[in-house]
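One chain comes next, on its own, written as structure tokens: the form predicted on its own.
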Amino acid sequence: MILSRTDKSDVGRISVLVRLWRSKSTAVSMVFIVILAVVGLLAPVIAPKDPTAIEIFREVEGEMINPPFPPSAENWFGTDQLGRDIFSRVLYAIRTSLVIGLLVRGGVMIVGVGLGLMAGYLPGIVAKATMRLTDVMLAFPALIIAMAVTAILGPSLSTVIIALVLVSWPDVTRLVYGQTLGIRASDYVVAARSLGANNFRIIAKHILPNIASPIIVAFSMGIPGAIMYEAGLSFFGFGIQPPMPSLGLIISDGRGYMTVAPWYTIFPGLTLVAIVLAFNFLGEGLIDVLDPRSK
């Protein structure tokens, strides 16, 4: 039986999913990420309490006590110093982290892939200027630049996304630039150029599909980095601002209560670690399947 090009691509996609699923760590990561996405999407429905609701005192055994309250049947992860339910805040913070990770990495792909393709396919002053700018950006600590941007524009969700896209595109640009240079001189690209194909068609039909695998891997591997950067910015007060929950912000608020309320930082910290590990394991699985030579 002769398969059409569409049939072959469908078989290839199924084969990739099967190989991903055969890896236990990757399969567990995929399931966990799906659960996180559902939790983030349904946070307003499944959160037991309003994440901004304040409880300034509580009666325990006839005695009035002040927050933070320890974990209990009423507050699974305990509360913060204002009596806000940490479990509910963590559920909302998961949505914030996933939204930032996906939006930041999506913006990075648009900027980084575009500049990398342009620099790799069009030699001369364009390539030199793009790669020198990339080198300059890589020479400075990304977190410091992001802090400076948020300090100038004012900390907010949109500012955090802009700042993280600004500091994250050079890695993708360098990756795509190197991949494009290797393919630009290939026989099929030379043949397409000799037949009169324009630059846009060559890039869209011949170069981009052949570097799709490392781009997909770079997208997935960059999501945990974006989440960690956001957590770092929020921890230092340059990221998400109250009352919007963020894992980094919750951890930052709880650092002064480590001795009296360790649950304040332990539960959001473990959640952040779990999210980052899940995306890292997924990225490792994608490398094994899509781009094993890079490993």
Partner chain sequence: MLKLIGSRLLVLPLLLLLLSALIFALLYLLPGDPARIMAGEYASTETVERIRVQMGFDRHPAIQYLTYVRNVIQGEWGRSYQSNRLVLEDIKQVFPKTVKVTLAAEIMSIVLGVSFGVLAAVRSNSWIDRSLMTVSVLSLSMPLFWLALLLQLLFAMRLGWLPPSGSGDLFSRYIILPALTLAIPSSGYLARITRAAMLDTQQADYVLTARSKGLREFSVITKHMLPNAWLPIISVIGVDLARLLAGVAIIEVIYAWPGLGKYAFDALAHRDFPALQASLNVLAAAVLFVNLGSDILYGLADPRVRAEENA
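Residue numbers count along the first chain shown, from 1. Quick caveat: nothing in here was measured; it's all calculated off a predicted structure.
This next part talks about the form predicted in complex with its partner chain, which is not shown.
- Contact with its partner chain in the predicted bound form holds for all three of Phe140, Ile152 and Gly232, each having a heavy atom within 4.5 Å.
- None of Leu181, Leu133, Val126, Ala212 but one reaches within 4.5 angstroms of its partner chain in the predicted bound form through a heavy atom, and that residue is Leu133.
- Note on contacts: among Leu42, Leu270, Val28, Val34, the single residue with a heavy atom within 4.5 Å of its partner chain in the predicted bound form is Leu270.
- The stretch among 224-232, 34-42, 62-70, 48-56 whose residues place heavy atoms within 4.5 Å of its partner chain in the predicted bound form is 224-232.
- Though the partner is left out of this view, Gln241 does not reach within 4.5 Å of its partner chain in the predicted bound form, counting heavy atoms only.
- Shown alone here, Asn280 lies within 4.5 Å of its partner chain in the predicted bound form, counting heavy atoms only.
- Its partner chain is not shown here, but in the predicted bound form it comes within 4.5 Å of a heavy atom of Ile145.
- Taking the partner from elsewhere, Val276 is found to have a heavy atom lying within 4.5 Å of its partner chain in the predicted bound form.
- In sequence order, Arg255, Met258, Thr259, Pro262, Thr265, Ile266, Gly269, Leu270 are the residues of 255-270 having a heavy atom within 4.5 Å of its partner chain in the predicted bound form; the partner itself is omitted from this view.
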